[in-house]
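First comes one chain, alone, set out as structure tokens in the form predicted alone.
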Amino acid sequence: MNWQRWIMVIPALVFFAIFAIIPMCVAVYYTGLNWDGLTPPTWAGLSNWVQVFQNGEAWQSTRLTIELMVLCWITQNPISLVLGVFMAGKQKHRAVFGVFYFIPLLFSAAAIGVTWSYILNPNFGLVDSLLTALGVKQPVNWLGSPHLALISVSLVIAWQFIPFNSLLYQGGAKQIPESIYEAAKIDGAGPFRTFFSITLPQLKYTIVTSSVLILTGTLTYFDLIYVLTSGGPGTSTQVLAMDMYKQAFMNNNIGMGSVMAIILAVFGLILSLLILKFTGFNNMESQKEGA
């Protein structure tokens, strides 16, 4: 019965409306206000939108967000794939290794940010101390250089989230039927041929899933970047989420911050639609034997 289906859907629709649609509508309304959050707001029309795009800040934040997405995908996906397939093996030491390796997932972003800000410190950090011991005389300012800050941030993000993506690949690799590997072994296929001809094609849906999570998750990175660089040096790590926070709570301009929030939401929506269209993410099928 159609009415029974609608009754079952109503709780989800109410939840989605309260926590997604209504806040989004309120944010759109705020984009038209000139408001510092304390004094009474005045209606500003589209001036906040015009100001955001005229000063070029939105374009720069969008460019930095895209660069961070690419860096995160390049650093996380291949390493996660290799580690996930390695840990899907049946040897006991791989399980022990996996337990220790997933520890970064237990830490908060703030704790990771503080820890890595000390490790990457050019004066007393562990990384520069190791480089000095290897003969590098000039210390590297990993988080203070405009050319290295975004790369350093992406590597810290990778350290935190590679274990999670490895877990996805480990689960995907365990679903590959053993009969395929046995047939390949009988035909004389070596480890590399088995990986590229069987494991990699069988993990295509996991690769898509991991890519979707990495790309869309990059849009929400704020806390780790705030602790590591606060968007600096200058604006070299000021991605969309950082720009939104800066406009709303540092410049006390709720209207401009709401404009950045809407740009971030629209960017994420377009990205999700493109991923769904070009990867077949919504048409996935289970590859488990017998499923």
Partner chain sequence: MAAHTKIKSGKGYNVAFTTFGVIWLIVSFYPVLYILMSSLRTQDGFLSGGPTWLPTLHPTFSNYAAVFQSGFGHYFLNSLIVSVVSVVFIVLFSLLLAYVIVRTKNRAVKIIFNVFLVGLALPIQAAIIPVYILITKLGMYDTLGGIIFPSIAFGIPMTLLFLVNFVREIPNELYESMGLEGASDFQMLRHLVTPLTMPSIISIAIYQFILAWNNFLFPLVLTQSDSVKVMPLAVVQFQGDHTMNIPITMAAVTVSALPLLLAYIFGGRYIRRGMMAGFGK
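Bear in mind that the values here come from a model prediction, so they are computed numbers and not experimental data. Numbering follows the first chain given and starts at 1.
Missing here is the form predicted together with its partner chain; even so, the following discussion is about that form.
Undergrad: Indicate whether Ala12 is a 4.5 Å heavy atom neighbour of its partner chain in the predicted complex.
TA: Flag for Ala12 set to yes.
Undergrad: Should Trp49 be counted as a contact of its partner chain in the predicted complex, where contact means heavy atoms within 4.5 Å?
TA: Result no; Trp49 lies far from its partner chain in the predicted complex.
Undergrad: Wondering, does Val140 line up within 4.5 Å of its partner chain in the predicted complex on heavy atoms?
TA: No, Val140 is distant from the partner.
Undergrad: When the contact criterion is heavy atoms within 4.5 Å, does Ser117 count as touching its partner chain in the predicted complex?
TA: Output for Ser117 is yes: heavy atoms within 4.5 Å of its partner chain.
Undergrad: Does anything in 246-272 come within 4.5 Å of its partner chain in the predicted complex by heavy atoms, and if so which residues, in order?
TA: Stretch hits, in order: Ala248, Phe249, Ile254, Gly257, Ser258, Ala261, Leu264, Ala265, Gly268, Leu269, Ser272.
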